[in-house]
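Just one chain is shown here, as structure tokens, and it is the form predicted on its own.
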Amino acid sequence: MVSVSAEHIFSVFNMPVTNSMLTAWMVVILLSVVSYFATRKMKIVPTGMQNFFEMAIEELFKIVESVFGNREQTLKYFPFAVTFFFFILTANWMGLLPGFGSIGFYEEGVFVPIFRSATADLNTTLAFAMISVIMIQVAGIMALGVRKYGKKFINFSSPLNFLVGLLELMSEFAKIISFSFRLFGSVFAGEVLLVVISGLVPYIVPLPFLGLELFIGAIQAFVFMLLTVAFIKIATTEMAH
């Protein structure tokens, strides 16, 4: 059985630590270690890990640049967007490792897994969504100014413009829901599917589904990054004319 909510593992100074929080910190540590070893001996002609990550970064940079349409904006917002991509990708794939969801302990007769994918917790995806949407607003204000960007949401020039502004404001809150539930729903549904299939046929049969979840995990990370970039593009150019 897979619980919708993350399970409490232990507490630090009366602050509860859930299994998804534990995994999130593992993702941070893993990415930090990999980044260190990939960049500690930088070469003009890259090899090994440096070569792999430079290729990945270069391809992602081209995609983001194609959305923004100019290099200046790409250089400004690419680090923010690509951090989302690598964190979500790593979190999604880490949740598929052996032991995730299967190693744990029993508490009052209920099995509590020690490790759970960070993105299978709605709190995590909601936090990502809020960070993304806040950054979109900051980008819009930086590009257009508070007054000009604010007129997108509060415009008293006519009743129609006022109504359109309210709809625009509602759409910004809707982005938070869309971002968070899209990612959470996809990852959580994948966890449930793998648990059910593994319970019915525990050996060879789950492998194709595992491959499918690897693909979906990568797609969800890419979509989250691309939507963030697209919304930043809209926020910084929509009212420029």
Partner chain sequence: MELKFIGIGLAIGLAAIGAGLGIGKIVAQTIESTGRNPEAQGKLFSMMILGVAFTEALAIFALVLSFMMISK
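For clarity, every value in this text was computed on a predicted model and none was experimentally measured. Numbering follows the first chain given and starts at 1.
Just so it is clear, the following notes concern the form predicted together with the partner chain, a form of the same protein that is not shown.
Where, among 50 to 58, 37 to 45, 23 to 31, 175 to 183, do residues come within 4.5 Å of the partner chain in the model of the complex by heavy atom distance? That would be 175 to 183.
Evaluate Gln220 for contact with the partner chain in the model of the complex, applying a 4.5 angstroms cut-off between non-hydrogen atoms, and reply yes or no. Yes, Gln220 is a contact residue.
So in the model of the complex, does any heavy atom of Val17 sit within 4.5 Å of the partner chain? It does not: once the partner chain is placed as it appears in the model of the complex, Val17 has no heavy atom within 4.5 Å of it.
I'd like to know if Asn70 sits close to the partner chain in the model of the complex, meaning any non-hydrogen atom pair within 4.5 angstroms. Answer no; every heavy atom of Asn70 is more than 4.5 Å from the partner chain in the model of the complex.
Check Ile197 for me: does it contact the partner chain in the model of the complex (non-hydrogen atoms, 4.5 angstroms)? Looking in the model of the complex, residue contacts with the partner chain do not include Ile197, since no heavy atom lies within 4.5 Å.
Using a 4.5 Å cut-off on any heavy atom, which residues of 12 to 32 would contact the partner chain in the model of the complex? The stretch does not touch the partner at all.
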